[in-house]
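Let's start with one chain on its own, the form predicted alone, as structure tokens.
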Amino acid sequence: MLSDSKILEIKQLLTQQKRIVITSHTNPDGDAIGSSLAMYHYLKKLGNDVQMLVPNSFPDFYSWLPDTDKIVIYDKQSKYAQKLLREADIIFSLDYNALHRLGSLHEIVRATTCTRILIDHHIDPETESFNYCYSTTDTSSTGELVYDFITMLGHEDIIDKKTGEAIYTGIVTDTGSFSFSCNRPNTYIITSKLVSLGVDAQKIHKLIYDTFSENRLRLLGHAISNRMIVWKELHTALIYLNKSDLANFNYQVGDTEGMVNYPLSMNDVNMSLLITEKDNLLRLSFRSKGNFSVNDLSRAHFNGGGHKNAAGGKSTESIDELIDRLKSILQDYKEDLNYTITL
């Protein structure tokens, strides 16, 4: 967290009309986009020259948020993005704990000499890479942390409806519509304040979750019917999608978002995995119930990490090889995965 002296230093930095670039992680999700937009609106109100930058495209179902059209996508505008980073006075790092989470932007940002400010809620932040770190795992989302950050600097009164919609998007998506990572009273206090600003929670839910294309819904059906494996003795289920599956259903960015959560709705399944094949790389998404740490699992075996109950990883194996290795690895976690959640 930040000391009173550090808070004062940041406040002084942000009120001197700086050139600021807000960055977030590869494959940006609702919390990455929402927290970036909220910080963008806030910093613009302070009179700064602000740009937002992400490594690659984000799902269209976040494009209703005001000013998403101003987000620079490095994969599409690499030269312009590099120019922004070279000229920046301050780089904000939102919703990632280490620079390698920036993918293709990693080395470019690391080479900069400007002030770097981290705001994040993932485990084990790479603190040595930043001048200021506002990081804690005791929060629902980076969106919620942005609200706390603005309040900490004494500017809660300038949070408006537009900023609130962005913060709420971060909170609601990173809690699965308040189904996990949401036992902190402050999450609901902040949500209440956002609604009082005019944020329409019901409308935002529809804009995010009720916008499936026919292809996306059919891909979900195919995944559950034909690509789901259940290992009852390991209390684990996984879904795998290869390149052909994605192509057959005209995959668009965001079409698999949330898919990993479906197997967890089964009784006695305490961990769920989603494997997707893209660009000769397998991407893994892990979810768990209760105290089983998928962060530890993904860090130990799949060059990944994240939160205790939600993490990611990657592999260069074939899908069959990866599934076989997963089943073998999980034998060592068999007892840890065998539990019942009770009140």
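Being a predicted model, the structure only gives us computed values, none of them experimental. Residue numbers run from 1 along the displayed sequence.
One more form of this protein should be noted, the form predicted together with guanosine-5'-monophosphate, which is absent from this view; the next part is about it.
Contact with guanosine-5'-monophosphate in the predicted complex, defined as a heavy atom within 4.5 Å, holds for exactly one of S63, N303, N291, S318, namely N303. Taking the partner from the other structure, guanosine-5'-monophosphate in the predicted complex has a heavy atom within 4.5 Å of a heavy atom of K314. The closest non-hydrogen atom of A310 lies within 4.5 Å of guanosine-5'-monophosphate in the predicted complex. Taking the partner from the other structure, guanosine-5'-monophosphate in the predicted complex has a heavy atom within 4.5 Å of a heavy atom of S285.
Looking at H235, you'd find every heavy atom of it more than 4.5 angstroms from guanosine-5'-monophosphate in the predicted complex.
Heavy atoms within 4.5 Å of guanosine-5'-monophosphate in the predicted complex are found in one stretch of 50-58, 63-71, 277-285, 35-43, which is 277-285. Residues of 110-128 placing a heavy atom within 4.5 Å of guanosine-5'-monophosphate in the predicted complex: H122 alone.
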